[in-house]
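Both blocks below hold the same protein chain, though in two forms, and each is given as structure tokens: structure 1 and structure 2.
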Structure 1
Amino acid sequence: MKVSSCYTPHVNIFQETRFGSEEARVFLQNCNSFNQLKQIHSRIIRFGLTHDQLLIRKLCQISSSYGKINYATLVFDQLNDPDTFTWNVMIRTYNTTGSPKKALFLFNEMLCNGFLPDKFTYPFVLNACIASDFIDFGRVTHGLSIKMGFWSDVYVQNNMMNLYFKCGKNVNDGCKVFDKMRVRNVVSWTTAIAGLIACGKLDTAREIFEKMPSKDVVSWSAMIDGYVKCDQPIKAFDLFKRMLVDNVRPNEFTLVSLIKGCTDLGSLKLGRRMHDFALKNGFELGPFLGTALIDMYSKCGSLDDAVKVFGLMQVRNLATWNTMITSFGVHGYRNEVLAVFEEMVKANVVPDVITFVGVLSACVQMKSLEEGQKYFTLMTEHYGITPILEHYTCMVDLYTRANELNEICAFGDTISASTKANHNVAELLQESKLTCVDEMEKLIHKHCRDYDLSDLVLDHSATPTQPNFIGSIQIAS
């Protein structure tokens, strides 16, 4: 007889007298809700299976996957004598759920309780150091790994090297780890190349790349992407030609980097060739590749091609929608900006700061204060987004164009209490008694300069005749 009707057909726990570790593992594998997990856990306790660390690890992993990290912590804390593997699982769980400092505290507790870390512990701890930017803790961990005999372990050494390159950009320390490695694998070489590129040492990265005994697509792609990011797209394409000669098949990451290189060169012809290459070699227009193509076509002057790519994409992420909105905006098609935004909302994609830069800029192009107020209110009150400089600039522009300078003081009323406390822009404008938009923008710049600002400031002056692009966009359901 079944215990309760709350169980779905996927998980049926019977009132059998036998409920051992094997049965518990089967139920955990088929668990599909947190409520089910708790009921399975209760039976694990009832049948005295809490000593089974494999079950405990599974409970911690599943509960954290449901966002119940506190429950995972409770399960772990009730374990009397966790083994190293269980400690590792919990440290990793804190990392993957955005609590790297807790991962470090747990590692410290692990050592204080006399448990010895293994080769898998150190990478989890080092990743937590990177996420927390705790380079000193990382150095101590490095020293401990050497004392514990892991100085020659390739897996540990690769993660040590990654720590130094990423945390504080300690180039010399990263290179020392690489130089002292007696055995290196492809990951070792690629980590060194990517780390040096990130630290701006492109020439050194190229030297190491040329010394690699065996190059895979990841190492080729890392070097190509490095040239693109360092504004040397020609060298990126030269390297791509060599890659093809060596019969290494590029991946999506390779193509996206090269398409960005086409964008930097402003070469529509080269961009189309890369698009054709992708299609002929079986690459799908996923969010990553498709978004890069939309951006390339838009910036290289072919909005029609950008719209076609957007229409062909079956899956779009937030970056895709933002890129299409921005593309319409920079080409002056303000009505299409708002239309795409409305389709985005219907598709249940939550907009962000960049989205509303494009939307409010379109309102400025339309000289519609009413629309601007509507979308600003939607942004702040419905989505809870804190305005940045571009948003304020757009709103001040709209008020100025509408000759409603006195209404700017009421602008603060549309901002949430927390936002108002952070900026007080409306009060500043009112007190300064400024009479032109340029002076207002200077004042806003002065008081908002500490905030991270988007570089997507659209051209407010473009007002060309607007064809109906929306009819040609096939919105995927």
Structure 2
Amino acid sequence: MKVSSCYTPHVNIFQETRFGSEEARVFLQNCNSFNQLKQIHSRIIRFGLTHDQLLIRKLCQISSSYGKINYATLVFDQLNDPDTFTWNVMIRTYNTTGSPKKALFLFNEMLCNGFLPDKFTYPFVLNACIASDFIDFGRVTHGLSIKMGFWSDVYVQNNMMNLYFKCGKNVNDGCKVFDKMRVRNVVSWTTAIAGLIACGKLDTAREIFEKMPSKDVVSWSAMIDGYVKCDQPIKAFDLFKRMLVDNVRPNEFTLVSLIKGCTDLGSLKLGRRMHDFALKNGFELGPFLGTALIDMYSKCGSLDDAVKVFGLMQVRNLATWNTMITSFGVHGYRNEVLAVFEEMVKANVVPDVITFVGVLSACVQMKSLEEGQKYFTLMTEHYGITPILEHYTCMVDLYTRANELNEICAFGDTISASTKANHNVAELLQESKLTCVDEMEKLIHKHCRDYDLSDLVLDHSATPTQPNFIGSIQIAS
């Protein structure tokens, strides 16, 4: 046995014996992982360099950039004199790690300690206000930004507009901000369009869209998605065709909206067409695109294709699993529902309320009280999920079949206590009958027309690496 080939010497990134502020700075500059950062940090402590505020600030900033908010907070607390940049970094990281309220607390602390925000601080803070649904905090910030002279910054104004549209659902205030802006960029226009679409002002949004001096993918996608959301998929596809003519390359967002439009139309033909478009143009089957396709195929009647897409997906998220589970359920494949559920658990994906609606419904289809009880207990005790009306409805169904009167009565009390008066169980049950395939088909024929994209000519030889690949798509005249 050759010992030498097995022996790998321990690699130490710190070869120098001397480790001063200068060396630490260089190491931090070249640091490219959180683990390395921790090693450098421990060196800094061991060599007594913690008095160097610049080093500590850098440590804080870099750990933030890795999203390690707890670590960053510990470091931040050791700073005697954090600069505005570092405050900003901390506020942003609290936002991106899902604690927008803490971001606002930090902003408050920043002001109390006499630190002045700069033009970067406001966008972070406004985002935190939106995420926390704190419109009043946002208004105060608005006033502050004016007092401090940062009002004219486009970033500040765009975020302000977003606050009023999104958080306050306040069309007037949002539009006021937009009107008052002297300089607008694509984001300003798109924010206004998206804001108006939430508030239901689709026509006004379209007017602004047409006035836009230059539109990018996001602007087109926002408008397209608006039509899909407002139940006007045909208009969405018309816009999509115009977008291609304008040589704007669609992205995953655009396609997901359009596929949703196919689902709403119930058009398998158009859905396949969009899938084909995605494949031919080299789109990856990411969790959003894939999930939208699974849902489309399932609801348009082709469970086989839904399963195929699911099988091809490299990255799946919770919605992907839920959609597959629900799809099997709707099509009556209860054993598959449970199989997919077990696979999901094995893949370490934590199920949620929706997952168990699918799972318990499958138990009802199997008429298996035993399975139902098993999963109900798993849901409440192992996953700590509070049951919703749909879960109770399944359990009542199972207990009724088994003639377990005591259980039914117990559930009856729970349901009465936990649901609002306007929840009508009978209505829900009535609606659920629509999932029977015959009814679905009737509905589709009644309400949906097959929209044809045959005038859209796709060049199959186009490859995603060609930057101007859209140029190969023509609209036949």
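In this text the structure is predicted, and so the values were computed from the model without any measurement. Rigid core (definition): largest C-alpha set, two forms, superposition within 1.5 Å. Numbering for residues begins at 1 and runs along the sequence of structure 1.
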Same chain, two copies; the copy that is the form predicted on its own is structure 1
Taking the rigid core as the reference frame, tell me whether residue 103 has a CA displacement of 2 angstroms or more between the two structures.
yes
Superposing on the rigid core, do we see a C-alpha displacement of 2 Å or more at residue 329 between the two structures?
no
Item to check | Core-superposed comparison between the two structures, residue 304 Cα displacement 2 Å or beyond | outcome: no
Superposed on the core, the Cα displacement of residue 132 between the two structures in Å comes to 3.2
